[in-house]
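Below, in structure tokens: the form predicted on its own, a single chain.
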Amino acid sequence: MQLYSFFNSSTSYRVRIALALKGLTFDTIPVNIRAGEHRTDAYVDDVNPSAAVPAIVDGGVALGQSIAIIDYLDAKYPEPRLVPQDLEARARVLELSMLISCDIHPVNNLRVLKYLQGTLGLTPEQKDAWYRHWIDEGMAGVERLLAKHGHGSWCFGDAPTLADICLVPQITNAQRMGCDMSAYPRAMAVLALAKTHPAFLAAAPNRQPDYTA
């Protein structure tokens, strides 16, 4: 299996966590999205028509989009389960995962930030204010969901699920961007636990072959 990844991409980070939790071996192929390598004809034509990271190639299957990749991995390699099979538990995990992957991440990813500053002419301070606003909007919802429905040491129980896989990279990148996360203690408790877990540590940006400080 090959994983096309960028070390600071939170979506790549999600897939790296999932692969590590399942104990799957893979080759990392770095794709520098800052340099536009995800937009080259070879990458778009041969690997990921979405012109994004991550992507996996597993035998004859080439697949992009982190949630689709993790669902594929869960179906092909079902242990440990990352999306529970129980109806309500599955719904809760997907509810929080989608809040992060659909509401927070899309408005704050690299291409949006570059467009805000490069095309619309926002100052760095305005761009950072945009980022913080949408982190605060989204993380407030995450914290309310965890307060109402969360349980156990992870988001939903005593083992990590897709919810934790989405949450940890989002917080990590928010901290990198200078966001104050002190208003989200339940979410931060999950991050603290992840920092002690071998799979989350192995998937961290600073452990990747393309890492640069």
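When you see a residue number, it is the position in the sequence shown, counting from 1. Note that this is a predicted model, so its numbers are computed, not measured.
One more form of this protein exists, namely the form predicted together with another copy of the chain; it is left out here, but the text below deals with it.
Review point. When you measure heavy atoms, are A159, P185 and Y211 every one within 4.5 angstroms of another copy of the chain in the model of the complex?
Key: No: none of A159, P185 and Y211 comes within 4.5 Å of another copy of the chain in the model of the complex.
Point to revise | 4.5 Å heavy atom contact, P49 to another copy of the chain in the model of the complex | key: Within the cut-off, so yes.
Point to revise | 4.5 Å heavy atom contact, L145 to another copy of the chain in the model of the complex | key: Yes, L145 is a contact residue.
Check your understanding: Within a 4.5 Å heavy atom cut-off, is V57 in contact with another copy of the chain in the model of the complex?
Key -> V57 lies outside the contact set for another copy of the chain.
Point to revise | Close approach of L63 to another copy of the chain in the model of the complex, 4.5 Å, heavy atom | key: Heavy-atom contact with another copy of the chain at 4.5 Å: present for L63.
Check your understanding: Using a 4.5 Å cut-off on heavy atoms, which residues of 101-120 contact another copy of the chain in the model of the complex?
Key -> Read in sequence order, the residues that approach another copy of the chain (within 4.5 Å, in the model of the complex) are S101, C102, D103, P106, V107, R111, V112, Y115, L116, L120.
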